[in-house]
Every structure is written in C-alpha cells, then in structure tokens.
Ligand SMILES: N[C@@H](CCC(=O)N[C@@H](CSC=O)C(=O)NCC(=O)O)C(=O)O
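Only one chain comes next, encoded as structure tokens, the form predicted on its own.
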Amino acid sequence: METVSETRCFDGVQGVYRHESTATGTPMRFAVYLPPQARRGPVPVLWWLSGLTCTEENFITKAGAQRYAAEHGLALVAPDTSPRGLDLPGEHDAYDFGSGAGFYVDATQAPWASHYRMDSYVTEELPALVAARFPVDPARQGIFGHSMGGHGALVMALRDPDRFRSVSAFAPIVSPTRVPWGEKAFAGYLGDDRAAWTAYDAAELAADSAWRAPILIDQGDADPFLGTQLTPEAFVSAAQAGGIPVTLRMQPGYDHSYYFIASFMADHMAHHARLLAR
C-alpha cells in the first residue's frame, strides 16, 4: 500500500492511500482520518460512502467531519466510488453509470463484472486492509453516506447487522429498483432480472432485516432529486413495517450538495458516536 499523503488535522492525521485491488483488478485510492485518540489504541471506525461522480476527496475536503471525529474519537474511512483507469466501452459517457458510479454492487454483466465489484471491495477487501494497517476496532463499526452512498450504507447495514452498530444517511437513494438512477445502473450492472436487484434495495431489505438500532436520515426539501430519485418515504414505511426505528428529518431549504451535508454532519457524527460507544 502506497501513502499518497498524510496531513495533520485537528491533532489527528488525514491520509490518502493507494493500493492494487484484487476485487476490482485496478489501483484504488481511499482516505483514512485517524483521530488523536488512535495514538493510544484502537478506535471505532466509521465508513463513509460517497455519491455519484465523487472520489474519496469530496468527503475529506467538504464535509467538515474531521473536527467531530476528533472530538468523538472516531476513525473515518472513505473509499472511491468506482474502479478507475479501465476505459471500458461507454464507461465515461454518463455521470450516473460507469466511472464514479459503481452503486456499491457486484456487477454480473460483461464488461462490468470483472472490475465493478464495489460491494466486495467495500465490505471485504478494504476492511481487511484497513484493520491490518490502522488502529481501528473491527467490533465497533458504523457506516453512512450520501445519495448513491446513502443507498450503499443502508443496504450494507441492513444486510449485516452483526458487523455494523450504526447507520445514517444524507439524501439516500432508498429504493433504487424504482427510480431512474437505480434502474439504469442495475440494468447495466446486474442485467434484466429485476428479482436480482432487490438484494441492493434498502426498502426491500428492511422488511426482513434483523437491524434494530435507530437510523438517522436527513433530506433537504429543496433537493431537486427528491421527488424523482430519492423517495425517502418509501424507506420509512418499509422500516416501520419491519420494526426498525428510523428518524427522517426534512430540512427546509436545503439541496443535495455538500453544503447540506456539512450543515448536519455534527448530528450524524454524534449519532454514530453514541451507538459505537456501547
């Protein structure tokens, strides 16, 4: 693993790293923030999954999370959103499919299946790498994300409640099988069998998940994607029917940007710190 950069930040260290991924077959970059408490021993780890078009850089430069991670003693890990450098046919033609838009699935369709395996990368390969290199406590993990990353965070938490203790999301795509972003991505990565898509749909998973920790979701009511792509009420209904406690906060005047994310980051970090401290 190569160190791209390490910078002092709120008495901790913000690092960016590169490695050769076996899951994607490409070089992958990811960011790790270690709070000052990590100098004394392993700390809880909180995974951030970014949205469409993003890399690991968006979160670490725009969200303002390091201040709160240092206060609560949480490590932050932010992977990229897709493999890079492949130049597959059509990979760079649209912002919502291909490069920067891996949707945190393991693709089954050619030519994506050999490299677009972001589910395995985020849930298997990268956690093992981080645990081996950094002072984090694998028994205390949380996950959160934005938009496409909110979709990934909810799906991964609901699917594996024994691994994650906390989850939250900003403007998540809660039911990708029923909105244009998800239908486009899933058809390309997973094929035409819509039954296979439900494994990556948080609203579908909520009905049978064993998850019982409280979930926090923030959504701006001025978000241009609210009515067509995000449909948070679909997840709230499914979660309530499945016995999952969820708080949806509709934030007046906020859009889909990192200005929105930064405005409520303190609340999300406190949410995770409370659950990871147990």
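All values derive from a computational prediction rather than experimental measurement. Quick note: we count residues from 1 along the sequence shown, nothing fancier.
Another form, the form predicted in complex with this ligand, is not on view; read the next lines as being about it.
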Worksheet item: Out of 206-214, 240-248, 35-43, 54-62, where are the residues with a heavy atom within 4.5 Å of this ligand in the model of the complex?
Response: 54-62
Practice prompt. Considering only heavy atoms, tell me if residue 123 and this ligand come within 4.5 Å of each other in the model of the complex.
Written response: no
Discussion item. Check residue 256 for me: does it contact this ligand in the model of the complex (non-hydrogen atoms, 4.5 angstroms)?
Written reply: yes
Worksheet item: Are any of the heavy atoms in residue 147 no more than 4.5 Å from a heavy atom of this ligand in the model of the complex?
Response: yes
Worksheet item: Does any heavy atom of residue 181 come within 4.5 Å of a heavy atom of this ligand in the model of the complex?
Response: yes
Discussion item. Within 4.5 Å of this ligand in the model of the complex, counting any non-hydrogen atom, which residues from 205-244 show up?
Written reply: 225
